[in-house]
Each structure stands twice: as structure tokens, then as C-alpha cells.
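A single chain, nothing else alongside it, follows as C-alpha cells in the form predicted alone.
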């Protein structure tokens, strides 16, 4: 029996680990040889964490947990033929778990921006750009995120890291004695960016902007980016020496070109058990999958791991003839420790509940502690806390 997991991120790695716990042989295929821990990558641009320390080598995880790993780039999926094509070879499967992530909404001049949620290497480029501006001693830094009107769960996906990076840059500039020489601006095309976190969290964002001396620019659609500014639909401009922008999520072209059932955005249609619609042997998890009936939800790393847990549980029970099934809808929630460089805020939202707790000073160390915990729990060096 050939079980393939496509993708070496949060969803793919968790799926491979859980499948091994169920004693199944599994092969994970990834286009890079490490898992990147995106939630703590916000500290790479400000010099508080190294690029290498934000990685988990897939070869090490494979050895610890007992799955097979292949470094290869998937180029085509033919679900009806149970076949996956790559740059190196052709793979056939009996069961498939798709965890390939998502792409970006295309925008004019996006190449003039950098994203903390893009390719891992971009975090290092951002660090270099910030250092160059610090050497000059002044500048305009703009940070923002966009949306995808076709899919609400992709509209403000990854919005949290934009806030985190912005506030961390403010703290860094203050430490360098240069805060007054820089203009920091947060921008977004929607009128209420961050509202997905809930009314309680959103209502307190103004206090964060004021505390970290950040100007705001909301409610105007972006026409294009250039190397020196952001141009909006009314042709107004925002000067920018460095533009850090998280584009709205979109389906990967690889997925759009497949024979899988997709929504209008290009995300794979699944049921609440994470099984791909119309297929009994294919599951889609993480950012590649469409989240339906929960418009308040957002795609986050912990949601990807929840989906991996649900998909592998349902797969195993189906294979072994057990009736019990799980729904990822029952465990869907937004959770974030929004780091600000010298503190943090704990944010949680479900369909019925909202929580926002400011955590001055201690919150920053809590997030750092989570990063240490995550790496070591994945390496089986310590007990894994359920749901974390």
C-alpha cells in the first residue's frame, strides 16, 4: 500500500507523524529539505532569531518518526489515475494527503514587495533591507496585508504576522535610537483590517498602533506597487522605501491545473472529515483545502495540524473498519500569541467566543517559549501538549 503526503509544512509533517503513529508506512514529498516554523520567523528580520534556527530538518524528523522523505517538486496531479508527477519521476499512490499550501493573489508590482509569509528565504532578504535602512539612518517602512474577495478565509490569512513584524521593527528602531527618524505605516485595502480576530481584539488595535507610533492607511484598494511607493485606486500614493506585504491567498496553479474538485479560489473542496469531495482515498489539509460554512475562520498553522489529525484519524478508522469519525469543524478556531517585540497579546476566537488578553513583557517570552517547545516536541524531546 502506497501512502503519499505532498508537502513538508505544518499539515504535511503532522500527517506523516500521525500516520506513523497508526503504524502505516508513509512517504512525504517536499520541495525543500526542511520544515519552516513560520510563527517565529517574525524575529529573523529584526535579528532575534537565525534563519537556521527556524528550521526543522525533514531528514531528522523522518528518522525520529519513521517516515520516508523525498526532496522533489510536484508538477502535476492526476487523481483519477492515482498518479503524481514531479521533476524527478512519477509516483503512484493508493492514498494521498495533499498539503501543498497555497499561492498569492496576483497584483501589479508585487515583485517590489517582500512577505514574511512567502518563501522562507524572504525573511533574510527583509532583514538585509531593514539593516540597509538602519545604516542610512532614516526611511519609510510600510507593512500591510491584502485579500481575496472570492474566499473570506483567504482574505486576511496571515494577517497576524504583519502586525507582529511591524511592532517588532518599531521596537528594533527604538533600541537603535532611530525610532524618530523612521515613519512606520500599516496599510490594508479593507476598512477594518484585523476584524477576523474578533471585535474585542480589533477594538484594541488602535492602542497598539499608538503605543508603537504607527500611522495607518485603510479602506483604499491597491492599484499597484512600485520601488518607491504604493499607489491606490484613487491614484493617491504612500511613500515607501521598504514595502512588506502579505498578499491574499489563492489556489496554487498546480492545484488549479489538476482534476481535483475546486472552489472559485482554487482551493480543494473537502468535507468536514477532510476527504476530497468525490474521492474516498484522497484527503486535502492545510492551506490547500477550502474551508466552508465558517466565514470567520482563517488558515493558520494550528488549523493545518488539526486537519492533519482529523484526516489521518478518519483514514485509519476507515481502513480498519471502525465507525467513529472526526470533524475538523468541531475543532476550528483562531488562536494567536501576537508578539510585539517587548510584549504580546493572547487572541482566541471560535464561532461563539472571543478572547483578547494583553500580555506586557511576559507575552514575548511566552511566544519564544512556544517556539522552543514546538521544535523539541516535534523531535520527541518532550511531551506533546494536545492541541498545541
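Computed from a predicted structure; not experimentally measured. Numbering follows the first chain given and starts at 1.
The same protein also exists as the form predicted together with a small molecule; that form is not shown, yet it is the one meant from here on.
Practice task
Using the partner position in the predicted complex, report whether residue 11 sits within 4.5 Å of the small molecule, counting heavy atoms only.
Solution key: Taking the distances in the predicted complex, the answer for residue 11 is yes, it comes within 4.5 Å of the small molecule.
Problem - 4.5 angstroms heavy atom contact with the small molecule in the predicted complex for residue 31 - result: Yes, residue 31 sits close enough to the small molecule in the predicted complex that at least one of its heavy atoms falls within 4.5 Å.
Problem - Contact test in the predicted complex: residue 302 vs the small molecule, heavy atoms, 4.5 Å - result: Contact check for residue 302: yes, within 4.5 Å of the small molecule in the predicted complex.
Problem - 4.5 angstroms heavy atom contact with the small molecule in the predicted complex for residue 378 - result: Contact with the small molecule, no.
Exercise for the section: Go through 61-69, 320-328, 344-352, 37-45 and give me the stretch that gets within 4.5 Å of the small molecule in the predicted complex, heavy atoms only. Expected result: Selected range: 37-45.
Handout entry: 73, 116 and 285 all contacting the small molecule in the predicted complex, non-hydrogen atom within 4.5 Å
Key = Yes: 73, 116 and 285 each sit within 4.5 Å of the small molecule in the predicted complex.
Problem - The single option of 143, 99, 270, 169 touching the small molecule in the predicted complex, heavy atom within 4.5 Å - result: Flagged contact: 99.
Problem - The unique member of 147, 161, 194, 139 whose heavy atoms fall within 4.5 Å of the small molecule in the predicted complex - result: Contact check passes for 161.
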